[in-house]
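Subsequent text provides structure tokens for two forms of one protein chain, presented individually as structure 1 and structure 2.
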Structure 1
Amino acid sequence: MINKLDICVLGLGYIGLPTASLLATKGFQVTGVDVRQEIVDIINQGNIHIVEPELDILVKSAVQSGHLIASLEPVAADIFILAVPTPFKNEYEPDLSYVEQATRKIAPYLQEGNIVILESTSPVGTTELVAEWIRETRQDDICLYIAHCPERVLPGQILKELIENDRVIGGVTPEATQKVAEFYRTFISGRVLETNARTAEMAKLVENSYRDVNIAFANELSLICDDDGVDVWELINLANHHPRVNILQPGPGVGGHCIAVDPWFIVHRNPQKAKIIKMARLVNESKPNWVIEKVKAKAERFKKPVIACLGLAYKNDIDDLRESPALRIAVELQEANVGQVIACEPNVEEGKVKGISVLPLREVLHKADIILLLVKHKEFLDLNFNTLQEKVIIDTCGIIGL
């Protein structure tokens, strides 16, 4: 059994930090590497720079035990885990520069028999590229076990899912698959599924594309139903009573940097064949504009209406504003001068977000002419909309619908 090994985790973000601290609390000696000094300092003080339930407690205990040390530079270790971002650049081309930089950074520290794991969501062929970059940087051919093990955790439930989710391991060689699978079996309770690197890469992209396509179906239905005067929430609820139908929920758009990004990795590599995947992306990407047009139409009868946006996060019950369709809608309404835009976002501090005043719920409701429901946060579920009948209410996320 692998135990008490030294591990070096590259990238201390939403995946790297929980992974590093979990491994540290399991008894591994972990060095967490990040390119930003302030992140290294925060973690070494036992604090965190991202918001995720329970993560603060885990990091504190990992750092206090001496098993987690953050650093700007890698160290020699038995296992290297790459958990750096893979965004896209122009024309939806995957940007592998962070993976390449991290790989070249660890290359000099690698020793015969080391394990290198790529956890970052990556286009097909990236794990093989990691192997190539290492060979090229080192100018030798030492024996390494290199594999892809895509992260699959849901923001908001990362610590639970990090342990309980099944994991897919795809090595560049069968020996690498086996070695890396053996490592994951020491600290997760989910199943460890073995395959090759390309299949593992594709599995992750397909999981998020599957969700994107299904959300696009729901979003498309919401447009069709709006034209026909059908309540899409009721419709989906009814259809889902069929034993083999499970339609997802429409919303103001698809946010976060996973589901809205990963499908492009498939489309970019094979634009001729990936037709549905691309179309779904376009449907979801255009949904915020549809919402904005709806608000503009409703705003016409006011002089300068107060538009209250309920929710700014990219999904319910989290504070994450990155790539949020709700925030994009609020900002664009403000920029287009459709009215005075104010917001309530219970998960972030009151004040200004991108120039928009974030206020308490009661105040926002009181001031509003138009109430725009954007995120299904738990704080909004019990609102009594009967008391708000003189206001225009636009529900983009099914708070009133269900």
Structure 2
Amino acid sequence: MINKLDICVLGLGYIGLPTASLLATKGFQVTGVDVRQEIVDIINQGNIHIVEPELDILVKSAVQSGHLIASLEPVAADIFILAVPTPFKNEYEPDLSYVEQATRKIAPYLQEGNIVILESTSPVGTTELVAEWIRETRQDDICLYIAHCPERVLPGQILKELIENDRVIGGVTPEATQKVAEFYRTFISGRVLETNARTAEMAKLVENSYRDVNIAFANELSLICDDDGVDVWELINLANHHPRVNILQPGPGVGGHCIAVDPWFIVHRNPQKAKIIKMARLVNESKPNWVIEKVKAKAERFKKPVIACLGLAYKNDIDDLRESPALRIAVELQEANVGQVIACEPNVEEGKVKGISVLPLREVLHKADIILLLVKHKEFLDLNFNTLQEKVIIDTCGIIGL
């Protein structure tokens, strides 16, 4: 029976930990591997180190059942899942070092007939590299079933979407595709769509590039409307009443590990052809600079203003700071010495985040001269802005008027 198989998950972050704990509660015996001792210890205590609704309950259940154990080292298993970061380095070149390290780490534990799944979002050709790195490390050519199955979940809804979303499976061989698809069908209710490794890799990059291009259109509209004295939020609402128009919402930029990163994987590999994708990235990457200039202009009326940044995460109601435009704006305002920068981020512990003082909302609002609305956290949606009329308010995410 496939549900009796052992699974080893490398990387216990926003994708790896939910995946490992979900599989453990489905009856698989799961070893989760992370390079950080503190993360291993936290999980083995039945606790979590990231914010995600209901994940704490799932992890505790998985650990208490004995089906989930965290470790610094891999173990022999039937299925290996790689869920490690794939950032980029200088000039937006994909950094595959984490994938390579994880692949080489599991290589000695692999046995004939094992399944190896790359879930990390990756440039086209990475799954084939995984197969090559395994052969190089082992110096043999055992039969393995290697495939890419990109994650496609929304932070804040990960546990629901891990089960309900359709999944794309692309093997380096047709047999690998079939084997891995059979595995995913045992624990998800969405459709399992079979293809080859390169198409699966490209599918994830295209999904996030599509989002990025459409957000860039909204962000570009916000710049134009600001110059023309038009309320961009009202404009988009009106335009979206057209039956074939669905403009997204502008913001202070685009963050997160996926949308802010994945389009560059396409651009780096296809620099002469990916023109729209590249331009969208440049529009979205420039939006924080525009916000900073808006703040600087308002700050001129004060001697040393207190600038309150509401939100530091890259999107609403999560604690994820990866590639966050809000955090970038706060840090660069502080570095530019525009004023005293403080922040309220309800999803992280109060204290310091990259040198920014994170304080309770009431205290932040009281101290602020300039209130910069950066993230649409639920805690900010019910603010009575009529009581803050003596403050300068800059809304970059459309909270006012909701």
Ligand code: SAJ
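Sequence positions of structure 1, starting at 1, serve as the residue numbers. The model shown is predicted, which means the values in this text are computed figures rather than measured ones. By rigid core we mean the largest C-alpha set that fits within 1.5 Å across both forms.
Structure 2 is taken from the form predicted on its own, while structure 1 is not. Panel note: of V30, I215, V375, A197, the residue at the hinge between moving rigid parts between structures 1 and 2 is I215; all others are over 12 positions away.
Domain motion between structures 1 and 2: the smaller of two rigid parts turns 8° against the larger, based on C-alpha superpositions.
With the core fitted, the CA of K352 sits 3.9 Å away from its counterpart between structures 1 and 2. On core superposition, E363 has its C-alpha offset by 4.0 angstrom between structures 1 and 2.
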